[in-house]
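Taking the form predicted on its own, here's one chain by itself in structure tokens.
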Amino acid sequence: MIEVRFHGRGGQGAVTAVRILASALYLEGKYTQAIPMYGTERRGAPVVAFLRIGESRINERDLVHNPDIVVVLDPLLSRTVPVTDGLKEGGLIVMNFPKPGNEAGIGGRFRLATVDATGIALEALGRPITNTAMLGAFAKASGLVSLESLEKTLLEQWPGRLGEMNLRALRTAYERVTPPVDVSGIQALGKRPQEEIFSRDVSSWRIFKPQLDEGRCVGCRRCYIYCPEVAISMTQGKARVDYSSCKGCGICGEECPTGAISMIQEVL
């Protein structure tokens, strides 16, 4: 039996990815078990989901504690979530990261394949929803599922134009994922102190950040009212953004009637 753990953020489609992957493997005659695990149900918050793959009926019902493979849908998630905890020696990590595996800040006795799933998702979907890109990377890096089975399942999930867009993300990531590299000689980034992990700082959740043009801000307070993270305050009739509390959802930019707020992509 092979056990897989998916780490992502709310809105990236980790749970959907596990369901699609389980269905694709079922088409290939495998027994599968997909387990979603919901936390705060808050966009951007860490999410985890599990998958078991077997050649015979699976009776295990517990969560996956010692995975053979870990899939990480967000490039900054490993800075706050211990994504490698319990990963078996020699295991595989497939990670959304725009640089080679030896620069991802993850080290240990396992292998690491990377793909710029955020960039691919923005190209194919226009949104940083990285799940289908990561499935393409998973297929290539692990060799456990064929691209054809994933394509068939994906089109059943999203027929029509949306399905074609996700197919593009899947195929592009399949081509672009790097071969797994041994990271046993890499010094992993240190774990953050508990007080930082549970702090209110959500800046690492962000793909885009709001940029304010003060000259166009008329002080209408719409961004202040609609911001779900209370990251915007008003000072002398102008909006001010507290970037440590901003998760980059973009609602402020959508609601601004004068176009004073634009969303700028963060650079790793």
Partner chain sequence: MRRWEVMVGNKAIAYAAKLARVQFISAYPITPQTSVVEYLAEMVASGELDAEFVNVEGELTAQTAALGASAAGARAFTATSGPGLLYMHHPMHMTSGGRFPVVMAVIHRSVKGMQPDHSDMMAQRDTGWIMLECENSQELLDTGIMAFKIAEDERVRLPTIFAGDGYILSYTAEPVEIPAQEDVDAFLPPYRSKYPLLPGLADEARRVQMEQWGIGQDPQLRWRRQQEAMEAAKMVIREVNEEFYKWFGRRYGNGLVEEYRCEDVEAFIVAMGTIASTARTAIDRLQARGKKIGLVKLKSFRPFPSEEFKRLGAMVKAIGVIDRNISLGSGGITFQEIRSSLYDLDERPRVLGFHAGLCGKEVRVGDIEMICEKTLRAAEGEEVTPLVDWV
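Numbering follows the first chain given and starts at 1. Computed from a predicted structure; not experimentally measured.
This next part talks about the form predicted in complex with the partner chain, which is not shown.
Exercise. Would you check whether the partner chain, in the model of the complex, lies within 4.5 angstroms of a non-hydrogen atom from each of 79, 88 and 112?
Key: No: none of 79, 88 and 112 comes within 4.5 Å of the partner chain in the model of the complex.
Quiz item: Of the listed stretches (29 to 37, 236 to 244, 223 to 231, 204 to 212), which one has a non-hydrogen atom within 4.5 Å of the partner chain in the model of the complex?
Solution: Contact-bearing stretch, as computed: 29 to 37.
Self-check item: Partner proximity in the model of the complex: residue 55 to the partner chain, non-hydrogen atom cutoff 4.5 Å
Solution: No.
Quiz item: Is residue 251 a contact residue for the partner chain in the model of the complex, using a 4.5 Å heavy atom cut-off?
Solution: Taking the distances in the model of the complex, the answer for residue 251 is no, it never comes within 4.5 Å of the partner chain.
Quiz item: Counting only non-hydrogen atoms and a 4.5 angstroms cut-off, does residue 16 reach the partner chain in the model of the complex?
Solution: So residue 16 does not count as contacting the partner chain.
Exercise. Spell out, yes or no, whether the shortest heavy atom distance between residue 63 and the partner chain in the model of the complex is within 4.5 Å.
Key: Heavy-atom contact with the partner chain at 4.5 Å: present for residue 63.
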